[in-house]
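Form predicted alone, single chain, as structure tokens, below.
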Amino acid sequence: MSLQVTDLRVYYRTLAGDVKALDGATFSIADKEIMGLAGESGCGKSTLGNSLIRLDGRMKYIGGSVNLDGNELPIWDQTGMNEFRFKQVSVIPQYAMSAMNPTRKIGKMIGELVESRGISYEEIKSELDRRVDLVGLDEDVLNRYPMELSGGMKQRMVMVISTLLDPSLLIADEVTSALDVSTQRAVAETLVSFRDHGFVKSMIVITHDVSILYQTADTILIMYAGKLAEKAPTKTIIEKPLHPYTRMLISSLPEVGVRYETKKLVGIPGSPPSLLNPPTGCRFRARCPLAFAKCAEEPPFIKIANDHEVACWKATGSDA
């Protein structure tokens, strides 16, 4: 098993108190699995992704463990994580098109990065050239500054840099959000090809666009208000979701071939709760059409089938 996360809790420190952005996440990702991570803005997706590689100054590790290939990642220790970053776990950051140093030519910047990890640029240059070609870029791109590349070219270059040291786990955070539709598809296909070529062992693709996950992900994990709601194979999540939130999230998306003059898209009424002082019990219950008395108790995130987990009293048959 490639990744095992157990009861991970990471909060944000504010003057008003701790924001419980990630409040008890337990899940696993197998070797060669691409897991999509979806949910509304503010549900904790990026917090979960960031916590696996780097806690910024606002984030506070509360508890839980992260094991990658049998080794515990010291995610609470910025210095201790240095030996794992980019070699064992890497990230394509949100706003990746702005991630490269604008004052360095791309090849020089990559050389400085790998040398900071104890690897000479000459040692990886031939493999770098191969991967640049694989994503459809010319080798001359290494002699350019980032500002000389289009948005799609920058995105693909950052993808090459993030996977150059063959990390076990790759976290791709909103990698298609600023791209046109055709480029989004190309980037999605490139992510899958990186897994298929063995450049990464497993992957987390964070996005609000479930259609991207339909193209790339083997499984999808749905989050709501800092909690895990449902995890299942992509086809199951799209066609047979069990959690009321997942159902409403999927039904709010447009379908190809449907004319919406007669059939209107249905949104999710209400707003997510404040994570500064989240409600007890199921955090979705104030917006859930199926809520009943037992929802005042927090539902466990449990396995109901071999490859399907859900946190919902109704879905698990606890109707009384």
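Note that residue numbering follows the sequence shown and begins at 1. The structure displayed is predicted, hence computed values, not measured ones.
Although it is not shown, the form predicted together with a small molecule is what the next lines describe.
Chemist: In the predicted complex, which of the listed residues (Thr280, Ser252, Asn277, Ser41) lies with a heavy atom within 4.5 Å of the small molecule?
Modeler: Result of the distance check: Ser41.
Chemist: I'd like to check something about Phe301: if you look in the predicted complex, is any of its heavy atoms closer than or equal to 4.5 Å to a heavy atom of the small molecule?
Modeler: No - in the predicted complex, heavy atoms of Phe301 and the small molecule never come within 4.5 Å of each other.
Chemist: Should Ser28 be classed as touching the small molecule in the predicted complex when contacts are defined as heavy atoms within 4.5 Å?
Modeler: No, Ser28 stays farther than 4.5 Å from the small molecule in the predicted complex.
Chemist: Hey, in the predicted complex, does Asn67 get a heavy atom within 4.5 angstroms of the small molecule?
Modeler: Contact check for Asn67: no, nothing within 4.5 Å of the small molecule in the predicted complex.
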